[in-house]
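Single chain ahead, written as structure tokens, the form predicted on its own.
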């Protein structure tokens, strides 16, 4: 088991001194080498759960254990966010190599590994460019390269394709499918897209409106490797309908809560 959450809850103190319960009693297991998609309405606590599992926040109650968990030894974690989180003062090559540099990897090795990953994500030739000179899709490919180059045990992705246009999003999905097939890293993805959750995931975990709980944990039994053509199959359509049936009431409830 790569990660296991038991009874995880999270409450925040509001400006008025009250408490807002974001998560309530989350139980979730993530097996090594699997791709798990977290799906739910806005404000349901998906990103909060991701950050707790990744060790960026502490749960109010409950426990998180496993390779990627806070305080565990030997586990490596990497994160990809919607806003890219790149260093604007570093060029493309140095952005990718930054994590390796922090790990004490020698200059030549980190340069070689960074160049290899830039080639894998289609950014060979852009080593000397700076993030501001890249398109949104290129920046997100750069973020993927920076995450994968450190060879993490668990990769946490929070709406990584949410800031790009629909066409670029399709290309990034293809890139991520290919890279995941090559590496088989453990991935936890937060997304608002039902189609993306199915296409990428081995499982789709549907969360309720706030406070977030696990409503449905649905295995995605579609053959791999997958392509965008997978989304045109009857099996894909059936899964999409099942997930929307589970999600619709939660979306409506989240609108009432806002």
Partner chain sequence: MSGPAGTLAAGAAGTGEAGVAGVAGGELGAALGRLRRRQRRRRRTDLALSIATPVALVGLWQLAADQHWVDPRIFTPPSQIAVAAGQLISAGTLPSDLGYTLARLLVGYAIGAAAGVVVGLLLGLVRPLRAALSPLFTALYAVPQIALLPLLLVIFGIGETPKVLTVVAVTFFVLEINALAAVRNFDPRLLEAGRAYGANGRKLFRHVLLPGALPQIFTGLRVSIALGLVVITATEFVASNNGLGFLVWNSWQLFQPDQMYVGLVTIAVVGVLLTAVITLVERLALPWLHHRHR
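All values derive from a computational prediction rather than experimental measurement. Numbering follows the first chain given and starts at 1.
Just so it is clear, the following notes concern the form predicted together with its partner chain, a form of the same protein that is not shown.
Using a 4.5 Å heavy atom cut-off, which residue among 109, 83, 182, 174 comes into contact with its partner chain in the model of the complex?
Result of the distance check: 83.
If the cut-off is 4.5 angstroms on heavy atoms, which of these, 78, 114, 161, 188, is the one near its partner chain in the model of the complex?
Exactly one listed residue reaches within 4.5 Å, namely 78.
Is its partner chain in the model of the complex close enough to 165, 210 and 244 that every residue in that trio has a heavy atom within 4.5 angstroms of it?
No.
With the partner left out here, check for me: in the model of the complex, does some heavy atom of residue 203 sit within 4.5 Å of its partner chain?
Taking the distances in the model of the complex, the answer for residue 203 is no, it never comes within 4.5 Å of its partner chain.
Would you please decide whether residue 56 lies within 4.5 angstroms of its partner chain in the model of the complex, comparing each non-hydrogen atom pair?
Within the cut-off, so yes.
Is residue 99 a contact residue for its partner chain in the model of the complex, using a 4.5 Å heavy atom cut-off?
Although its partner chain is absent here, residue 99 would touch it in the model of the complex, with heavy atoms inside 4.5 Å.
Do residue 146 and its partner chain come within 4.5 Å of each other in the model of the complex, heavy atoms counted?
Yes, residue 146 sits close enough to its partner chain in the model of the complex that at least one of its heavy atoms falls within 4.5 Å.
Interface residues of 26-44 toward its partner chain, as seen in the model of the complex [heavy atoms, 4.5 Å]
Going through 26-44 in order - heavy atoms within 4.5 Å of its partner chain in the model of the complex - there are no hits.
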